[in-house]
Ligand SMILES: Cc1cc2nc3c(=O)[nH]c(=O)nc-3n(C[C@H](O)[C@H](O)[C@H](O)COP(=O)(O)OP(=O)(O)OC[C@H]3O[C@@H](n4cnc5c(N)ncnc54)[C@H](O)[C@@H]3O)c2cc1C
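One chain comes next, on its own, written out as structure tokens in the form predicted on its own.
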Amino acid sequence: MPSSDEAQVKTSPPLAEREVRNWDAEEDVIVVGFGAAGACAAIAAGEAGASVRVIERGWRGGGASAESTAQLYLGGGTPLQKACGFEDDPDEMHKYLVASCGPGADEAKIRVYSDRSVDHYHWLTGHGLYFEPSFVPYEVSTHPGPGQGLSFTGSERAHPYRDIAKPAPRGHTVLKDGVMSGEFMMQNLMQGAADAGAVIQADTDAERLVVDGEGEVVGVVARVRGERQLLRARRGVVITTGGFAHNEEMLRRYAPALTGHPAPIGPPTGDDGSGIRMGMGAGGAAIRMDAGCITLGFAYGHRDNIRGILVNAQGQRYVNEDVYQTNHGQIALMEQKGQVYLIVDDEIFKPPQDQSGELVPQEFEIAAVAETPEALEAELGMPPHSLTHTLATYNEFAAKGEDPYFHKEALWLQPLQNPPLAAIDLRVGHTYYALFTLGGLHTRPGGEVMDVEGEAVPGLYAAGRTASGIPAQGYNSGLSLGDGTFSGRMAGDSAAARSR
């Protein structure tokens, strides 16, 4: 007998083509979902000569991509990297992504993505995206200000990654009037889909796929203002409806560690797992469904916080503080049960400011303040001498510019010896852990959905967070849009090239 959770998570069984009497519309390619991945799939398929129909649940499209910071992870030697004085090549990008997106990262996808990243940059700029040729100082922020298009958005400079691949900034951000703008990015991509000839059909909810007697996907069953609509796809269906961060039943079944405390990223009407369930119902395999991107941005807007130390409930350091915020969220939640603090002294702690120097609301609670390590650990209820010993050891080596235990970059090493000391509360329930899911349909680099035997489900493609993409277990900011736009493009090309 299935468990109660298993019983709640149902796939969407396909409709047999023999039950279809009349099709309401017919195209070469049908794209389900009109975020960044769907728009790029529609552009690619349309420019390849296929007729395309995009069906979108919302009133116009955009999805989570329109609400994003418009940051794309691109590299390998893009014109923006070169304009800002940085060298990069596909091999270094490949090595870094394999290490940072694992364990179990899809090396074939990463290889193609790294090799074609410069080409993808030109493809995106050819469709209206623009990146300001200026670099965000690494010591200041990871998010661009006016006129700044390039930044580090991962752990490229942190241990152990800096020893695996030559570091390079790969965060390419679309700005509108100096402000990060997913809305502006999506306006360009949605217009690109229309310019490529795609029929955009909004307010349309895809319910399930249609398959023929051989198991080939030949269409979509949709609901339009309460009426059923049958849409035939002569060459293929591309699903780009996002992940399942807003589906509590799927989270409890597949990713229980992500339930209860983190906050899902994206509009609540999306990321409900509907596309994944449709693909599974047609025979597609879903993989890495327990994986998620969990962000703990304790250094967001105030990079000096990296000069502090992160400790667990036992007063022990557990990570080098200069790894990226998604690493921190994963490690803190999964390995430390969300019971962590950032220890800073009076020299480091400052009221948070934006890039213009204006004060912004305090994002974190202060768990305790004390004049000595002994008093601070007592206030936090830590074992006697635990935090005291941790601070003494850290300060001894930091004074020499060393971190022999965790290898934090020397740039961030500074003894914590200017009282009072403070513990910033990063425990679950006291600060913001943001998440989205990384698991999804198993796809080839071309977007073809595979079944449990590793064979392609004919006529079915997936891209973006509906598929398990480049970030398998680890994540770097910008990969959702970088991987999403690229995988959508690849899936659109593949579907358009297929002959039934």
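Residues carry their position along the shown sequence, with the first being 1. In this text, all values refer to a predicted model and were calculated from it rather than measured experimentally.
Here the subject shifts to the form predicted together with the named molecule, a form of this protein not shown in this document.
Of Ala36, Ala462, Ile30, Ala45, which residue is found within 4.5 angstroms of the named molecule in the model of the complex when only non-hydrogen atoms are counted?
Looking at the other structure, the residue within range turns out to be Ala36.
Between the options Asn312, Ser274, Ser155, Gln229, which residue brings a heavy atom to within 4.5 Å of the named molecule in the model of the complex?
The residue from Asn312, Ser274, Ser155, Gln229 that makes the contact is Ser274.
In the model of the complex, Gly242 touching the named molecule (heavy atom, 4.5 Å):
Gly242: contacts the named molecule in the model of the complex.
May I ask you to check whether Ser468 falls inside a 4.5 Å heavy atom distance of the named molecule in the model of the complex?
Ser468: no, not in contact with the named molecule in the model of the complex.
Does Leu391 reach the named molecule in the model of the complex, with heavy atoms at most 4.5 Å apart?
Taking the distances in the model of the complex, the answer for Leu391 is no, it never comes within 4.5 Å of the named molecule.
Wondering, does Leu479 line up within 4.5 Å of the named molecule in the model of the complex on heavy atoms?
Close contact exists here: in the model of the complex, Leu479 approaches the named molecule to within 4.5 Å, heavy atoms only.
Quick one: find which of 127-135, 112-120, 99-107, 233-241 has residues within 4.5 Å of the named molecule in the model of the complex by heavy atom distance.
Looking at the partner contacts, the answer comes out as 233-241.
Which residues within 62-82 place at least one heavy atom within 4.5 Å of the named molecule in the model of the complex?
Read in sequence order, the residues that approach the named molecule (within 4.5 Å, in the model of the complex) are Gly62, Gly63, Ala64, Ser65, Glu67, Ser68, Thr69, Ala70, Gln71.
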